[in-house]
Each structure stands twice: as C-alpha cells, then as structure tokens.
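In the block that follows, a single chain appears as structure tokens, in the form predicted alone.
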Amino acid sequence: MNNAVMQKQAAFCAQFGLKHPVVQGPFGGGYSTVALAAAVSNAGGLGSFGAVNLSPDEITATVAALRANTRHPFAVNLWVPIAGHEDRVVHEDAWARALSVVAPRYRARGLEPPTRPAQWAHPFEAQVEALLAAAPPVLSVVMGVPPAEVIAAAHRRNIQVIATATTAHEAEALDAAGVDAIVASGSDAGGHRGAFLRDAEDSLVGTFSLVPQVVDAVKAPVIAAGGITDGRGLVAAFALGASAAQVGTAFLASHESGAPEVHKAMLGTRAARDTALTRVFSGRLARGIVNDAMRAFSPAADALLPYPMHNAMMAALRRDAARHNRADDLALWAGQAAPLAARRSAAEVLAALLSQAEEARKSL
C-alpha cells in the first residue's frame, strides 16, 4: 500500500478516535452485545451495537453499559423509517392470509400462533431522542437518510453520524445531508439490505463494484462493507479507496456475540457457502444461510406481511429457535464470505484481520 492509501486510514482513525480502521458491523435481534462492542472498541476498532429492537429506556441503559465497559469510541445503530413503509395499515384479511402460512410451523413447534401486537415496533422518533440524550460517540443508521434535525442535534452533542448506502445514488444523498462517514454496503453482506431510494432487489451492487463508485461520488470518508471476513478483504477494501472497513460476519462468529451457538457453529464451515437473500424472517430483504424455514416459506412469500409487521409475526418463532438452538427456524444471517470466519474472541478476530492484512500487503 502506498502512503496516500495509508493516509486515508490514518485520517479516519484520527477522526473517530480509533487505533485501527475497522468497524464492527451492528447486529439486531439480540445478536449485538455490550461485551462484543466493548471488546472491539477496547482492541482499537469501532465497536457497534444494533439498537433497532430496543425501547428508549433500553437504549439509555445500553449506552450506559457500553460506557461502563469501554473508555473508547463506540457506535449505536438505528434504522431510519422508510417513508410509507412502517405506517402501512394491515387489514384483517392480510393478517389472516399471512398467519395461515406461519401458523402450522408454530403449532409444529408446540407454540401458539402469534396474535396481532398492540405495537409493531418501537417508534424511531422516541428511540433517536433517547439515543441523542445518551450521547454515544457515534450514531450509525441504515435504511435511509437521517432527518436533518437529527444530524444537527447529534453534531451539537459532538456525536458523529455514520450512515449506510447500497448504491452510489444513496451515498450522494447521504453526503448531501452532511453525515460524517458513509458505509458502502455491497450485496455480499450478511443481514438486512439497507436500500432506501429503490427496492432492495433493484439495489444489489457487489462490494467490489460499489466501493470505488461511492469513493468517487462523495466527500465523506467511505467504509467498505460486505464480504470482508479476513485480512485479504481488508486490503482489497483499502485498494478500492475505502478509508475503513466494516466487518460483520467475522465478529458474529466471535465468542462475545449474541448469536445462538448453532448459528456460530455454521460460520466458517462449508454450510455457510450457501446463502440467499430472503424476506421470510422479517419482511425485509436480508442475506442468511439457507435453512428449512427459508425453503418452506419462500413459495408463499407473496402472502407474507411487510416489515415490521412480518418481523413481529415471526418474533416468537425465532426466539423459541434461539432458546432451543434450533437452526431450522433461525435467521442465520451471514455474508457471502462466511466460510472464512473462525471461532475466536472479538479481540482475536481484530488481531487476525490486521495480521492477515499485513501478510497480504507483503505479497502484493
């Protein structure tokens, strides 16, 4: 790597107060833990906690717990509501049609089928208000452009804002809004796709194609994400012009992550080679290891509800699967480089990424 490339990483680290230009991807669904985010931050990267499923009070408590476990910068992640998506009315006939698809699986597991909840999801406005009041070092978002008043309020509190793009068009919108860094998330990435200007199916750009386009299109530093699971991916991200890399699946396999053991055991194996994009677990397109639930529900995908309604309908089934370590009903989120992951502590994951990157640099 030449000096100009290395200077970009140094500038990013100086901006965010890091030792290494590595961001841990945030996980929802209970897969983020304070122990994981703190371990990454303590090792010199930017630890992240996915708070999309947390209430405002839980967000306040989580930020306090993170502060108690690390003196270094960390990020807390929220999902920006997509206009017209989360306030959609679900009529009784739509609920009944979707329920007819999932109820047999609930009964097969000895569970009562779900009933309509009083609230589909925690309101973003209340979540972000609590997060701004708690003032973590970094607020990160996916699924959209943060409202201008949120960015302004964050900056008044010395909170840096990282936002996620899946296309160059989205990156330009985020740059115009004044965010502090942009994650260029390729379609290789595990978990939910963060598309917001067009349908997620129309925004599937691979990391290798996306990152240089975004680097050329925006002024903010770019964080490459998607398929970066070892040091070779790290070097490739920097060669494409990224200032940092976001790593998800490798940290999901770590000892500190909240993923069920059966999920972690599949990462780093041949089973993790077979991933697909699906809406069957939450109603939003996401990449995970193919399993029985994905195969069973996919033919009836048109009958399923959108997010967050379908996410609420599937929540109890996923929780039961996690309790019983049952892979068939879990959302086995994983990126396309998941076979390269290894069971290590979070600090060891970061150390391995850096040492592998140095070896890869030497081989060029």
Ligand SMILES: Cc1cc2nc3c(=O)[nH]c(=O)nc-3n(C[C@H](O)[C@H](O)[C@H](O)COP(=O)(O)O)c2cc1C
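This is a predicted model, so every value here is computed, not measured. Residues carry their position along the shown sequence, with the first being 1.
There is also a form predicted together with the named molecule; it is not shown, and the following applies to it.
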Quiz prompt | in the predicted bound form, the one of A75, V222, L210, I228 near the named molecule [non-hydrogen atom within 4.5 angstroms] | solution = I228
Practice problem: Find the only residue in A242, I182, L139, A189 having a heavy atom within 4.5 Å of the named molecule in the predicted bound form. | Solution: A189
Self-check item: the named molecule contact in the predicted bound form: F238, any heavy atom under 4.5 Å
Solution: no
Quiz item: For T249, is any heavy atom within 4.5 Å of the named molecule in the predicted bound form, or not?
Solution: yes
Quiz prompt | in the predicted bound form, G25 touching the named molecule (heavy atom, 4.5 Å) | solution = yes
Self-check item: 4.5 angstroms heavy atom contact with the named molecule in the predicted bound form for F196
Solution: no
Practice problem: Choose one stretch from 59-67, 314-322, 294-302, 27-35: the one whose residues place a heavy atom within 4.5 angstroms of the named molecule in the predicted bound form. | Solution: 27-35
Quiz prompt | Within 314-339, the residues that have a heavy atom no more than 4.5 Å from the named molecule in the predicted bound form | solution = W333, G335
